[in-house]
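Below you'll find only one chain, the form predicted on its own, shown as structure tokens.
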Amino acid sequence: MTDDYKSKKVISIGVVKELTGLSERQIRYNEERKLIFPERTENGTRKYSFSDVETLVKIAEKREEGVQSYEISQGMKKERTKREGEPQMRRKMIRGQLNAHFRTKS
């Protein structure tokens, strides 16, 4: 089974509250700080994914440790940049290995 279900925005804010123990205000605060990105239905209802719920739990844990939202945001940006750069880095490494291998044989 793939993790595609984790990215589908199907969870209401009420269910997110129950799953995370956070208040609606806390959930919306994280959205205002650009830490999560719920989708909106035509009538404006927020919809969250399982990944959003996991992110909210991680954020809440960090906040309990005394980490400020700005620091959390910066850490999340670094993680995102790293994840996005991994496929490019992997391709560069493979290309380098292929080049090194074929140069020594010719």
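Small disclaimer: the values here were computed from a predicted structure and weren't measured. The first residue of the sequence shown is number 1, and the count goes up from there.
Absent from the display: the form predicted together with another copy of the chain. The rest refers to it.
K.L.:
Is it the case in the predicted complex that 34, 76 and 79 each bring at least one heavy atom within 4.5 Å of another copy of the chain?
P.N.:
Looking in the predicted complex, the three residues 34, 76 and 79 all stay beyond 4.5 Å of another copy of the chain (heavy atoms).
K.L.:
Considering non-hydrogen atoms and a 4.5 Å limit, does another copy of the chain approach residue 24 in the predicted complex?
P.N.:
The answer is no: residue 24 has no heavy atom within 4.5 Å of another copy of the chain.
K.L.:
I'd like to check something about residue 62: if you look in the predicted complex, is any of its heavy atoms closer than or equal to 4.5 Å to a heavy atom of another copy of the chain?
P.N.:
Answer no; every heavy atom of residue 62 is more than 4.5 Å from another copy of the chain in the predicted complex.
K.L.:
Whether residue 50 contacts another copy of the chain in the predicted complex should be assessed with a 4.5 Å heavy atom distance threshold; does it?
P.N.:
Residue 50: yes, in contact with another copy of the chain in the predicted complex.
K.L.:
Select from 8-29 the residues with a non-hydrogen atom within 4.5 Å of another copy of the chain in the predicted complex and write them out in sequence order.
P.N.:
Result: 8, 10, 11, 15, 18, 19.
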